[in-house]
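Starting off, we have a lone chain in the form predicted on its own, written out as structure tokens.
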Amino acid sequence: MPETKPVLMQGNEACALGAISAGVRFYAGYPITPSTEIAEHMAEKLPDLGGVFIQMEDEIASMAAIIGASIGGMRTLTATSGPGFSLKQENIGYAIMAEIPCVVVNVQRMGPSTGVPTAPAQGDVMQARWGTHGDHPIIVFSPASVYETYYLTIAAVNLSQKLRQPVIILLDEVIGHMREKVLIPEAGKLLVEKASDLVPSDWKPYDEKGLTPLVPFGFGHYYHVTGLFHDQYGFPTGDPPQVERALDRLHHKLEKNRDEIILTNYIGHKEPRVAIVTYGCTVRSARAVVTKAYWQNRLPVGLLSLQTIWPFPAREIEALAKQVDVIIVPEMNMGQIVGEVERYARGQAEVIPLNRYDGEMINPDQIYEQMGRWLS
């Protein structure tokens, strides 16, 4: 950790500050509860840094704008909530296919449709994975605190640039609007990964041999950008072997960098009988349960919190399932990530969903009651 200073800030503010710290200088978006504070902070800060803030006419245009700015050489961000996230999906797919880096924040609220705009939920987990069409890869982070929001936003920007890949930050209303102390590095001490300035002489924008840097338009290299399947130079192709290689390329670049992308945290007993697996604001309730059950009463319980939910932490779930009798999966939805946990537990541990979808958080007592049935 570099030298730090404590700052009290809101989750949405931490997201904006993290993006700016990571070099984001272009924001396009449209106000929507509960993400609006991100746009407000970017509108306030970017002009003084030589950046650009644009309030677009809608979320489709917002997504298109950050794609265009990214191709022009800027680090970009947009933020929205559920209804706007739905509108962004086609252009997210375009950015994936054309390998254009950008970061999309979705501060989840209660849905479907307009739902309850001020109520928290975790109902967009599967949309974040499969919202756009085709067998696309995606990176999705889910912070459980204001602190995590700041640092995961920086990680999202860095990974987006390195892998030429859209990255989604799946916040929720609780994390977006709560205030906590965050340790912010002193100016100049933050380690932000810079894009390589070295462009090989035989540069190909979509080289099958591995990652190549994105050269902004107008900087000396001619190439084609399209949402169609394309060859190494970006020109459209329908040739089956080339199509297969192009889709493999999109997935392999994430697989090769798995250890950098997959972020989880385990606390609790070294040999647990019962484990909790969760993400986002629900981690906070689960952490309170582990504090009571393990740290105070020495019960054999543990918590695996998922900062990365896509690509799914399959290896971590497999390893956990070999240790425990049961895995409890609390979610503020009708059950979305629980199916993935069950799939990778492979029958080695019983997987129990714990769902709440009335616009309120899952509280520690609900988790503790469910867990107690397996410890009695």
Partner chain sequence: MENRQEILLTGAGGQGLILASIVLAEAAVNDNKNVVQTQSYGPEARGGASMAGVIIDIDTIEYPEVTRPAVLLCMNQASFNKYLPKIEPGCTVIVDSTFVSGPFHKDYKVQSFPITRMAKEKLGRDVVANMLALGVINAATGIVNRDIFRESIFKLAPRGSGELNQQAFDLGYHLYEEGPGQDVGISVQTPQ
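Residue numbers count along the first chain shown, from 1. Keep in mind the model is a prediction, meaning the values are calculated, not measured.
Not on display, but discussed next: the form predicted together with its partner chain.
>> Under a 4.5 Å heavy atom criterion, is R258 part of the interface with its partner chain in the predicted complex?
In response: Answer no; every heavy atom of R258 is more than 4.5 Å from its partner chain in the predicted complex.
> Could you tell me if A288 has a non-hydrogen atom within 4.5 Å of its partner chain in the predicted complex?
Replying inline: Looking in the predicted complex, residue contacts with its partner chain include A288, since a heavy atom lies within 4.5 Å.
>> At 4.5 Å between heavy atoms, is V174 in contact with its partner chain in the predicted complex?
In response: Yes.
> Do G23 and its partner chain share at least one heavy atom pair within 4.5 Å in the predicted complex?
Replying inline: Taking the distances in the predicted complex, the answer for G23 is no, it never comes within 4.5 Å of its partner chain.
> Based on heavy atom distances of at most 4.5 Å to its partner chain in the predicted complex, which listed stretch, 269 to 277, 163 to 171, 177 to 185, 147 to 155, is the contact stretch?
Replying inline: Of the stretches listed, the one contacting the partner is 177 to 185.
>> At 4.5 Å, heavy atom to heavy atom, what parts of 329 to 364 sit next to its partner chain in the predicted complex? List them in sequence order, or say none.
In response: Result: M361, I362, N363, P364.
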